[in-house]
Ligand code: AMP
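The chain below stands alone, shown as structure tokens; this is the form predicted alone.
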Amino acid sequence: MNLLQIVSEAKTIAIAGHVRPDGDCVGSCLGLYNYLNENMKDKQIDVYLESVPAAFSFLKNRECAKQSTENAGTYDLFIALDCGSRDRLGFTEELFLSATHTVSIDHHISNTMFAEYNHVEGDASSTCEVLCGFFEDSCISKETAECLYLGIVHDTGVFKHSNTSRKTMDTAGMLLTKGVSASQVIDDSFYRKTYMQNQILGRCLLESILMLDGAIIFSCVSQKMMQLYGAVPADLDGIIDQLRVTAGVEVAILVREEGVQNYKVSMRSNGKVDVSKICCLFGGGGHKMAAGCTMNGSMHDVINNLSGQIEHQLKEYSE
């Protein structure tokens, strides 16, 4: 797929990511928005994001992201980034359906290929890395590079996850030549936490539970806890990765209560378990070592269903 050729044939373009956007989603959406605005000035381009975490406030044109489709009209082209299925577009799904042409660019192997043109690189570290393959290096500004570098940093866990390849490092290195400050992007967007975020992290670690002879660690964040701290889902970023590095653990599970018997599940693996297969069983998806889904039932049901699948894979692995 030639993304820039498809873009050149459109006059009005919408860019959007998935619900509850993370670093790669925000980075890819703003990165593409900046790149097109800087190099194709004759286009009308709008970017839609459900929200942009305050930690990403240094990204150029963060304030341009729209949270509503009111009076949006119909677009010649809709570009979905870092989104595995149409329903994950959330409030922009209606714009996707009404657009003349649609494109999906992603790196999730569970992508449903829901657009007219689909480009999915399952072995790429991030959607930001995929986007870099479409761009002319000489046309990437420092501001665009900051967005793309942030996305790579977040989806690789600062280059420590197994999805970090030589291509990932080469791409990140190219972005650094644009003037990106690696320490600033990494510290400001990944490591730096507010006092409240550290309190929630502490609670999750303190109240975590080991299962299956220490192969599983899980922790739950209730609605009451979220309300107590005045937290939003983005405030939980990094907790699952801290759980994952517990000695002896194969799979970390972070469960957030969204409603009555309704839970958002995040899973991380240390290699022996393919958590994307488990999450796909429950209507979610992701990668072998990082995936998520939404589950209904009691907390007991959720953990039992997940642990049963994990135990089954561990037994297969050991045979």
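Just so we're clear, the structure is a prediction, and the values are computed from it rather than from any experiment. The first residue of the shown sequence is 1; numbering continues from there.
What comes next is about the form predicted in complex with the ligand, which is not displayed.
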Quick one: find which of 26-34, 66-74, 46-54, 263-271 has residues within 4.5 Å of the ligand in the model of the complex by heavy atom distance.
-> 263-271
The ligand contact at H119 in the model of the complex, heavy atom, 4.5 Å = no
State yes or no: in the model of the complex, is some non-hydrogen atom of H108 no more than 4.5 angstroms from a non-hydrogen atom of the ligand?
-> yes
Proximity of I278 to the ligand in the model of the complex, heavy atoms at 4.5 Å | no
Answer yes if any heavy atom of R88 is within 4.5 Å of a heavy atom of the ligand in the model of the complex; otherwise answer no.
-> yes
So which bits of 287-319 sit within 4.5 Å of the ligand in the model of the complex, heavy atoms only?
-> H287, A290, A291, G292, C293, T294
